[in-house]
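Okay, here we've got a single chain as structure tokens, the form predicted alone, with questions on binding and movement later.
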Amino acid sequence: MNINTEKDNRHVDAVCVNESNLTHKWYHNVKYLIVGIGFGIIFVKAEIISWFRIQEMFRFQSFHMFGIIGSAILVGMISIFVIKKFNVKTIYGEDIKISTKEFNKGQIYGGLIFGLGWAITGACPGPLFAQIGTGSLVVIVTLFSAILGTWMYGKFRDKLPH
């Protein structure tokens, strides 16, 4: 969902806006740490963080990663369908709002840059932390590069194609 501002008529993403009015103590975030550790273990066991598996995918030598990505997309589709169909609420009783997305050519450029970085480094943002957690400390360079790329996107966003 894009919002046109009256000042300069530029597009601002409303996708990342947290509309919740709830505030929690710091220890409520421990549940996210536990889920993150669980995901990291699953990533390691499923070989999602394996540079070799990622290279196999980009060389079309194995179905392993395509199967995992396809399964994740299917689960996401079913989850969104269920949330919309049954008006599912958060665990705190708040409405879940899924904003509409508009296609623009910048997504093609961004996807190509993302895919190129993924193919070169053997890591996408999710598994980066699991790779670091398994002792692959060289991946810290990739993490800092991802952070730098995110910062650069925010800095030059108004000048990029959309």
Partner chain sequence: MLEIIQKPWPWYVAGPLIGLTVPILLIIGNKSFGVSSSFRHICASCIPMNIPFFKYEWKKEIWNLFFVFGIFIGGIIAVQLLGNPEPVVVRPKLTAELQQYGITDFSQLLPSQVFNFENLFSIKGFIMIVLGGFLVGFGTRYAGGCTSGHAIMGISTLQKSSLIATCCFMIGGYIMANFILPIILSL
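Because the structure is predicted, anything quoted here is derived from the model rather than measured. Residue numbers count along the first chain shown, from 1.
One more form of this protein exists, namely the form predicted in complex with the partner chain; it is left out here, but the text below deals with it.
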How about Ser71 - does it come within 4.5 Å of the partner chain in the predicted bound form, if we only consider non-hydrogen atoms?
yes
Heavy atoms within 4.5 Å of the partner chain in the predicted bound form: does Asn87 have any?
no
Near the partner chain in the predicted bound form, with a heavy atom at 4.5 Å or closer, the residues from 96-110 are Ile96, Lys97, Ile98, Ser99, Thr100, Lys101, Glu102, Phe103, Gly106, Gln107, Ile108, Tyr109, Gly110
